[in-house]
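First comes one chain, alone, set out as structure tokens in the form predicted on its own.
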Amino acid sequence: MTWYAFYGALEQGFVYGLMVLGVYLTFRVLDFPDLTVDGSLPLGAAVSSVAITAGVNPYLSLLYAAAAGFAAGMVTGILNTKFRILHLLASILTMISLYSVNIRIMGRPNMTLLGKPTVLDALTGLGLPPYLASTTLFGVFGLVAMAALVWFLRTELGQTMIATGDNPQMITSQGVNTHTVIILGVGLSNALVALSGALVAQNQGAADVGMGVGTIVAGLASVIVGETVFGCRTVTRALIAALLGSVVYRLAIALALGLKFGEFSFTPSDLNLITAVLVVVALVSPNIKRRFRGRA
């Protein structure tokens, strides 16, 4: 692996780490399988791109993107809780709707940001090379988001959210409105995903309506890989593992794409296959470890 590929994997790992934290919030904390993320990631990219094109400060556009993602997550939560639609179906309906919404927002299937200001301009203006500026900035964003989630999940509302995912009947008997908690949690998750999408768009200089395809698979793979490698005994450790899992996942992808076996080599079109293999290995490895310990 070249240094260029290594820095690229770190950059991708941190910027998509926000998305992974959002996926962790729904799948692990709320026990809510949410496919909305495949639509909310390009939603954040679309909102941020349109805002920047209209002259809005790049950092302020991130808030707009997060708000749009929160609204998208709320729609999924409301469909599930208020209209009694199965969570998977509710998230699929929102995801499909967002495809049209994103095109409506941008006015076209994609939008370029070439020549427009981005959040990276401040660091590159200090003389940092672009690859180092992006890695540093996205790393800071990921660490801040992780720390904020650790703090939030230790609050009364955060503990209520954890209890809702663990035992909704018990927490309902305590007088908690689980519908509100689910709507808030799914909204917060998709706000993080949309924020990730906005940063990705500003980094690559374009937003595309199809850039969210496979987001949920990559997010789940990162969560599972992180839990397998770093453990998840506490919420804090699990969140750290989710963020680092995103980095490990991207490094593994970069390493796999650089491998060559004679005439055979992996190409970007093999990304889904590589992801599937990584997830299988991460899921199977704990069972293999237990068997070896049992024999020892």
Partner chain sequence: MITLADVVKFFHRGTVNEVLALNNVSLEIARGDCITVIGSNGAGKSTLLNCLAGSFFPDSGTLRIDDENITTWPEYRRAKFIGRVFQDPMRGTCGAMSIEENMALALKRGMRRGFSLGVKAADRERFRAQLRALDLGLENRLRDRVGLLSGGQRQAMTMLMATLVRPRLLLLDEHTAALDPKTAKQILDLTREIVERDRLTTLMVTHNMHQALDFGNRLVMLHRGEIILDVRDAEKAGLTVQDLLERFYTASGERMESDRMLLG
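Owing to the predicted nature of the structure, the values given are computational and were not obtained by experimental measurement. Positions refer to the first chain, counted from 1.
From this point on, the text means the form predicted in complex with its partner chain, which you will not see here.
Student: Closest heavy atom of R154 to its partner chain in the predicted complex, within 4.5 Å or not?
Tutor: R154 belongs to the contact set for its partner chain.
Student: Can any non-hydrogen atom of G127 be found within 4.5 angstroms of its partner chain in the predicted complex?
Tutor: Contact with its partner chain, no.
Student: Does at least one non-hydrogen atom of D121 fall within 4.5 angstroms of its partner chain in the predicted complex?
Tutor: No, no contact at 4.5 Å.
Student: Contact with its partner chain in the predicted complex for G175, defined as at least one heavy atom pair within 4.5 Å: yes or no?
Tutor: Residue-level check for G175: yes, a contact with its partner chain.
Student: What stretch, of 100-108, 70-78, 160-168, 204-212, brings heavy atoms to within 4.5 Å of its partner chain in the predicted complex?
Tutor: Only one stretch qualifies here: 160-168.
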